[in-house]
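Encoded as structure tokens, the following chain is the form predicted alone, with no partner shown.
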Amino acid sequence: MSLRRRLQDEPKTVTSHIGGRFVAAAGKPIDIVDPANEAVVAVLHEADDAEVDRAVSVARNAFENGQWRTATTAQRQAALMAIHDCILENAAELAELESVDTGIPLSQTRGMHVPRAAYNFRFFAETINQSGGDVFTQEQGILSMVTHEPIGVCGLIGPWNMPLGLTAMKIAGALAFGNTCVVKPSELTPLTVARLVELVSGLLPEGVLNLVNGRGHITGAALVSHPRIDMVSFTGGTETGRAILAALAEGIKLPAMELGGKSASIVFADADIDYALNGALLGSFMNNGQMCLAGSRIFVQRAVAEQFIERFAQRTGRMAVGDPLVEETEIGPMINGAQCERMLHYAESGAKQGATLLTGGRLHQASNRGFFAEPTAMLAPDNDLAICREEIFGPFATLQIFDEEDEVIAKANDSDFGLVGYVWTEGLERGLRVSSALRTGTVMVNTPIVRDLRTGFGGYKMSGLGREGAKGSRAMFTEEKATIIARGKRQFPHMGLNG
């Protein structure tokens, strides 16, 4: 019997996991549905203020007792590598669970989400073995030593669009630098994170990794406002990010925010058009288009615009929409009905504002159940339309035509967001020049969606604060301490202190 069928026959109970064990089911029950068929596959029991307080207290005690905080690098490495191995040993289950939970095609959860989750732990195991501080000497015989110490108890709030891989990134970084954690996945997609915590809890000291579940305004609000949380790392929408920042400001707590995006993908006339077309399609529609770094705002230079746009629309219209567990599926369901309706609303508003519908713009007619929308492409007359400025978070791409390099740079930068930019050109000099001019945290030249964890990932403007990656995560999850040491007796300035 398939995992999906088992969950439909007997929906899983999802509760908090505190101090190494699941707690008794309590709190408001919330149905978790398979977006492909709307069947209930789990019932989440929402953690209230008291349950969140219990999780934070357990994490605080685990941090203060020092077993993990003072563990050697070798001990932390061994634990992180054990988690890496555990994820790969359970890869088939986690991939199917992620597809049932999110609607992302199994080919992507199996090929990207689960391996990425495992790699996060291996990467940080390797990183901490190479991570050091700084030492400075001064002429006055002073030695200044800079070290990085664990920040404490971390509140880690993951997104619904790639819950396993992106939440694992936070957990791996926080644990690598000696912290304890309270994790809250999205209430829309809690299953893989809950299973991950269950699988690895025996690989860590008790209380180091804890899980709470619930909606943002209930469980999330209790977590980010808790006085014994030392920092919060959040990936999600900009509006929620604002609310979290306001709560953290009350306690002068450190935020790390990876928020929205509306990334430009610029296709110059000198690009390899076949290659750029494939990359732009992947950048727009991978993960069902529900990803913050989607390159869904596509600018095409006029000399190649007609052929590129025609082929883009044809390919978009032919994409296989269907059950995410079917191998051939390219686009699965959206996360829920509200997100479907939101995307269709943008297609309608775009048409009213003068955009041309090239393909899509409707619910997928072949699907009687589930939240399926047709992959959509619209040709926009300018950059001022809502479809070009607001994050849609679905399989929806806009195309615009440009003439000159300066013109497209200005349009690409004319956005409230600055997460990622994509440049397609055969000219290395042009690629570097445009990269330098784009106001985004990452620029990808002649490639779609590549993450190098040695580099920082995060955004300019409303796309967030801080960076995730080797140095960025160290800055996020540690406090920097300077220790000043005199290398011998010194003569103090005369203030009547020398007798």
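All values derive from a computational prediction rather than experimental measurement. Just count from 1 along the sequence shown to find any residue number.
Just so it is clear, the following notes concern the form predicted together with a small molecule, a form of the same protein that is not shown.
When contacts are judged by a 4.5 Å heavy atom cut-off, residue 457 counts as touching the small molecule in the predicted complex. For the chain shown alone, residue 292 is a contact residue for the small molecule in the predicted complex, at least one non-hydrogen atom being within 4.5 angstroms. Though the partner is left out of this view, residue 77 does not reach within 4.5 Å of the small molecule in the predicted complex, counting heavy atoms only. The closest non-hydrogen atom of residue 425 lies beyond 4.5 Å of the small molecule in the predicted complex.
For a residue to qualify, one of its non-hydrogen atoms must sit within 4.5 Å of the small molecule in the predicted complex; none of 155, 174 and 201 qualifies. Note on the interface: of 212-220, 143-151, 122-130, 376-384, the segment with non-hydrogen atoms within 4.5 angstroms of the small molecule in the predicted complex is 212-220. 237 is the sole member of 255, 361, 237, 337 with a non-hydrogen atom within 4.5 Å of the small molecule in the predicted complex.
Scanning 96, 230, 323, 391 against the small molecule in the predicted complex with a 4.5 Å heavy atom cut-off leaves one residue, 391.
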